[in-house]
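Take a look at this single chain in structure tokens; it is the form predicted alone.
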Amino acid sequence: MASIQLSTVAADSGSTAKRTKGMGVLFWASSVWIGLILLAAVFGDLLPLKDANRINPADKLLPIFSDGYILGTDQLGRDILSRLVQGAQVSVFISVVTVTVGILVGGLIGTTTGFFGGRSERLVMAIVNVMLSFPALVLLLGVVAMVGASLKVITLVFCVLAIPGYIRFARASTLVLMKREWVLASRMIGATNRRLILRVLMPDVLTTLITFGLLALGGVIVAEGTIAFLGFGIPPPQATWGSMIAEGKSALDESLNLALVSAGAMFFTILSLNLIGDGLRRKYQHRDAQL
């Protein structure tokens, strides 16, 4: 009987190792790509790149690996690599700020709401349901039309739109965690509500929200690219990946560089974020199952 159990454990360990090894290649490849995007976004101004907004009609629509232009140029002769880095700065800033605010603010409100319950929970969830039911794109376009498009305005609207989803997610996680043994034990030894929320529940809730947030980063990047593609994003000459795709659309017959490079950067970034988030989610679920 013991030998059968040992062989079963060994087989499970072998299959788990294979899954971890197979997942690890994609996970680390995705991490390298995201690391490069973050380095470009954070240290882009220090890199030896050409001015992203400098117009040079004599060098317009140059192909990839042209002399002095690794990724070619656009219709106005601007360096695509420099504008790609500038677009990464916008995408990274908006997505990271949005997800961070959603995790911290939404996580705290959702955890507190789920912990206390009662009328406050019903009121908060009613507001959340109303906000989640309202078309986000319509609200965003309406705010942009009234106050104008800028990095601060778009980031603020994204943050407001993100918080309700994190509240609902944190509340659901809190309701599950409150049935766990360590939470019940903390209640029995007389832990205060503040300690239960901040020291007992929030760490586990934040772990779940962070894995969810990594997946949400890609959604924010897509949303920002969508409004930029529609012409409601950050005004030119500021480059964004969505505006670069829109600009490349009008030059598809002459050059594919601009649209393909920016669309490719967005695609691989979102794919990498999804793979990293999925990997962390599996790891967290495995740890949670062991507990």
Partner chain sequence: MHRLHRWTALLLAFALFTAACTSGGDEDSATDGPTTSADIGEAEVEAAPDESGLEIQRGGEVTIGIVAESTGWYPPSAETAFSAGFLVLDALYDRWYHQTGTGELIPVLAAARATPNDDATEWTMTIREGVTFHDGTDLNADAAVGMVEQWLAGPFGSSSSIDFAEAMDEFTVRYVLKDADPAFEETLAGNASGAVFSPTAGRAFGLDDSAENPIGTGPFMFESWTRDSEMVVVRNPNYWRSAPDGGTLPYLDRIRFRVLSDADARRASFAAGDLDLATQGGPEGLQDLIDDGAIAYEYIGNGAGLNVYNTFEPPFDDVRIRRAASHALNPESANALSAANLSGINVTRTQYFNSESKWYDEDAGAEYATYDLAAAQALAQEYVNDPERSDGKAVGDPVTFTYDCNTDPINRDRAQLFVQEWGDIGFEVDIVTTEQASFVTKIVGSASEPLFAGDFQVACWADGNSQDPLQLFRTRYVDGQVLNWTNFHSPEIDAQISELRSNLDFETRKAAAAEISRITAEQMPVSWWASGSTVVITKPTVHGLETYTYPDGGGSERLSGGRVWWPEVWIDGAEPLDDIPTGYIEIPDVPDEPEEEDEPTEDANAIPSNPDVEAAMPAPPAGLTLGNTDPALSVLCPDISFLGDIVPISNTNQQFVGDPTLGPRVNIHIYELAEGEADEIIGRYDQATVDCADFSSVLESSGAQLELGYVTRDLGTWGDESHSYGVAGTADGFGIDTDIVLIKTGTNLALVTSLHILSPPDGLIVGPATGAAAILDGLG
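These numbers were taken from a predicted model, which means no experiment stands behind them. Numbering follows the first chain given and starts at 1.
Not pictured, yet referred to below: the form predicted in complex with the partner chain.
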Is the partner chain in the model of the complex near all of Pro57, Phe232 and Pro237, within 4.5 Å of a heavy atom of each? yes
None of Asn53, Ser31, Thr226, Ser66 but one has a heavy atom within 4.5 Å of the partner chain in the model of the complex; the exception is Asn53
Go through Leu198, Ile210, Val101, Leu76 and name the one with a heavy atom inside 4.5 Å of the partner chain in the model of the complex. Leu76
With the partner removed from view, which of 41-49, 218-226, 260-268, 247-255 is the stretch that lies within 4.5 Å of the partner chain in the model of the complex, judged by heavy atom distances? 247-255
